[in-house]
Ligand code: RNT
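The chain below stands alone and is given as structure tokens, in the form predicted on its own.
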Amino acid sequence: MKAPLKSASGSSKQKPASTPYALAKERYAALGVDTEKALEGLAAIPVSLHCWQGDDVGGFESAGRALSGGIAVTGNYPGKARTPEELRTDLEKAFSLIPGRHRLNLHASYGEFGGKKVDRDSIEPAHFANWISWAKAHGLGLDFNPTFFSHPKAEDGFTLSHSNRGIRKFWIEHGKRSREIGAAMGRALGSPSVTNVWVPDGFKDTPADRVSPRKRLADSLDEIFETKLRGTVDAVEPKLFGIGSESYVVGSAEFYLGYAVSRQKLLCLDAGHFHPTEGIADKISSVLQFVPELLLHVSRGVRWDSDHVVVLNDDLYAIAREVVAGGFLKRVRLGLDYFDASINRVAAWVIGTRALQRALLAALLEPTKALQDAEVAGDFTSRLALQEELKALPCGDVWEEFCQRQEVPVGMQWIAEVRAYEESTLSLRG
């Protein structure tokens, strides 16, 4: 992995006025935008990479565990991680190609159990000690998720809202222990961990009772969150539908919005968890009127919650713009959530993270005050003209400057490193 970060501006020598960055700096300065401030701001924004991209959401509880609970991964590209050590090695390669200092988001199923059978109601911080040591060595923060899917006690589609009290109790204990693990990570690393709860509970076909499961889910969550813990913050995540829960999802958007507001928890907005034509950008300023913080799971759904690799499209620009222009950088935590097994998995991390960072940079390079002043003055003509002009400004030259200063490959140079790593490491996994 690359060395600890320098400041965004402190590591570069004086550039000749004719360099692409110098020219871009002048173009933006004419609009009142300080590119140096934008570079400094981007360097301070961490993104939480998701461990499950590296091994197709397999985890390390047992070999050959089948996915269930609305989770589906397509593709069979060679070289997926088979052990915690392989996954950490792959992550190190990805982090070395991504500018900035970031975080890792772990699922409970990625603990290291020493070959012993440890059920999910018995997991402990000790099962993640290697992850904590590794994160500390590389200057990374950790986030955490209980794993409420791919388990015999979730095979009928219900966990925290199950009608059987014994099964609910099992999953409540899992949630409690997951929070304790997240808190231990946060305390050990000096950076609070976000512990995010998502459950797959729902019916494939039209339910006869929509009320009772939601009451049970609310009660279960209250029990999980009953004890205040230092080192972690709690988030809850809604979803529109899942495979096997097409007609009814207990933890809907309305349910979790009400829960997060009433309990003052973080609300997780996943870009793929709403209607196919519904974006999450407009929700950011609305929800932050009523909850302390947001967790964003940045993903890319194609026709449904298909978790494609994040790319630099209009939806991503809109998300980044709302976070930055709204002044929400200190109240929004950014993470990725997708899993593509049809391409090189390390490349998938790099492509998605760099895309999100480029969108954030574009937002940081926006003359927001000028746009807002025109809007307040009722000058919608100037507002629209400036919004269009920004689309052709040389943001890419500023991005390349950022990569150079952060000592990571510029442009497509990183793909050569991924190919070399694939040949030397990934291809040997069979």
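Note that the coordinates shown come from a computational prediction; the quantities given were computed from them, not determined experimentally. The first residue of the sequence shown is number 1, and the count goes up from there.
Missing here is the form predicted in complex with this ligand; even so, the following discussion is about that form.
### Task
Decide yes or no: are F158, F203 and Y256 jointly within 4.5 Å of this ligand in the predicted bound form, with each residue judged by its heavy atoms?
Not a single residue of the candidate spot has a heavy atom within 4.5 Å of this ligand in the predicted bound form.
### Query
Pick from W198, W131, F95, W171: which residue has any heavy atom within 4.5 angstroms of this ligand in the predicted bound form?
Looking at the other structure, the residue within range turns out to be W198.
### Query
this ligand isn't shown here, but in the predicted bound form which of I71, L189, A341, V291 has a heavy atom within 4.5 Å of it?
None of the other options qualify; the answer is I71.
### Query
Taking 4.5 angstroms as the cut-off for heavy atoms, does W52 touch this ligand in the predicted bound form?
Yes - in the predicted bound form, heavy atoms of W52 and this ligand come within 4.5 Å of each other.
### Query
Does K239 make contact with this ligand in the predicted bound form, using a 4.5 Å heavy atom cut-off?
Because a heavy atom of K239 falls inside 4.5 Å of this ligand in the predicted bound form, the answer is yes.
### Query
Is there a heavy atom of D305 no more than 4.5 Å from a heavy atom of this ligand in the predicted bound form?
Contact with this ligand, yes.
### Query
Can you check whether D143 is within 4.5 Å of this ligand in the predicted bound form, heavy atom basis?
Contact with this ligand, no.
### Query
Picking from 267 to 275, 217 to 225, 325 to 333, 180 to 188, which part of the chain touches this ligand in the predicted bound form when contact means heavy atoms within 4.5 Å?
Residues of 267 to 275 come within 4.5 Å of the partner.
### Task
For the stretch 141 to 167, return the residues whose heavy atoms include at least one within 4.5 Å of this ligand in the predicted bound form, in the order they occur.
Contacting residue: only F149.
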